[in-house]
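Here you get one chain, nothing else, as structure tokens; it is the form predicted on its own.
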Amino acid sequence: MNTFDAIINRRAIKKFDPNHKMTTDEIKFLMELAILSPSSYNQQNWRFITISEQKIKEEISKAARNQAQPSDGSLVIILCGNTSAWMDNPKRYWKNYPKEKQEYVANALKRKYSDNSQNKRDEAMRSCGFAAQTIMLAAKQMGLDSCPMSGFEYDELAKIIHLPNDHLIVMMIVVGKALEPPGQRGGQLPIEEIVFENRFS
């Protein structure tokens, strides 16, 4: 399957085959692809919790308002943003570049985030959004299906995964094998309604 086909065929699956299991190597490969996603200043501020243990998946399903996808899917990936990544030894984000570049990036990160909690939150949301799409397309390429989810009780899920204070949960993605084909798409808006050339008017 090429990238175009993965984009066309990716759908949010609601019913997963509870008997399908992903191998350790498959999970590792999927996450190796996920961490190639872009992030501002290459700060790699996404953090991923991968859950394949059935007991924990069932706890997550309960926190997800009793939706079945987490418990039935092969893998639950919770995408979190580390809002302290900008100051966590930032020179290492550009370790393959000269020291001047490392210093420049470290100072730029400090200017952008040190006194601006909104910037830190926005960056976490953007970075996890990039990673989420990478995960879903990579899963499709691997012959798997996925479902992005934001319908969950935040505080309950945070307790389950022991979320650090300087992290926030952005979303979760369930990966596995579809139990049945998805229905037809709900209906795409006409491209003329959502794509504008050069400016809105």
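None of the values given here were measured: they were computed from a predicted structure. From 1 onward, residues are counted along the sequence shown.
If you look for the form predicted in complex with a small molecule, you will not find it shown, but the lines that follow are about it.
Participant: Is there a non-hydrogen atom of residue 141 within 4.5 angstroms of a non-hydrogen atom of the small molecule in the predicted bound form?
Facilitator: Answer no; every heavy atom of residue 141 is more than 4.5 Å from the small molecule in the predicted bound form.
Participant: Heavy atoms within 4.5 Å of the small molecule in the predicted bound form: does residue 164 have any?
Facilitator: Result no; residue 164 lies far from the small molecule in the predicted bound form.
Participant: Check residue 10 for me: does it contact the small molecule in the predicted bound form (non-hydrogen atoms, 4.5 angstroms)?
Facilitator: Although the small molecule is absent here, residue 10 would touch it in the predicted bound form, with heavy atoms inside 4.5 Å.
Participant: So in the predicted bound form, does residue 38 come within 4.5 Å of the small molecule, heavy atom to heavy atom?
Facilitator: So residue 38 does not count as contacting the small molecule.
Participant: The small molecule isn't shown here, but in the predicted bound form which of 50, 44, 67, 134 has a heavy atom within 4.5 Å of it?
Facilitator: It is 67 that has a heavy atom within 4.5 Å of the partner.
Participant: Note which of 30, 169, 149, 63 lies within 4.5 Å of the small molecule in the predicted bound form, where distance is taken over heavy atoms; exactly one does.
Facilitator: For this set of options, the contacting one is 149.
Participant: Pick from 98-106, 80-88, 115-123, 67-75: which stretch has a heavy atom within 4.5 Å of the small molecule in the predicted bound form?
Facilitator: Among the candidates, contact is made by 67-75.
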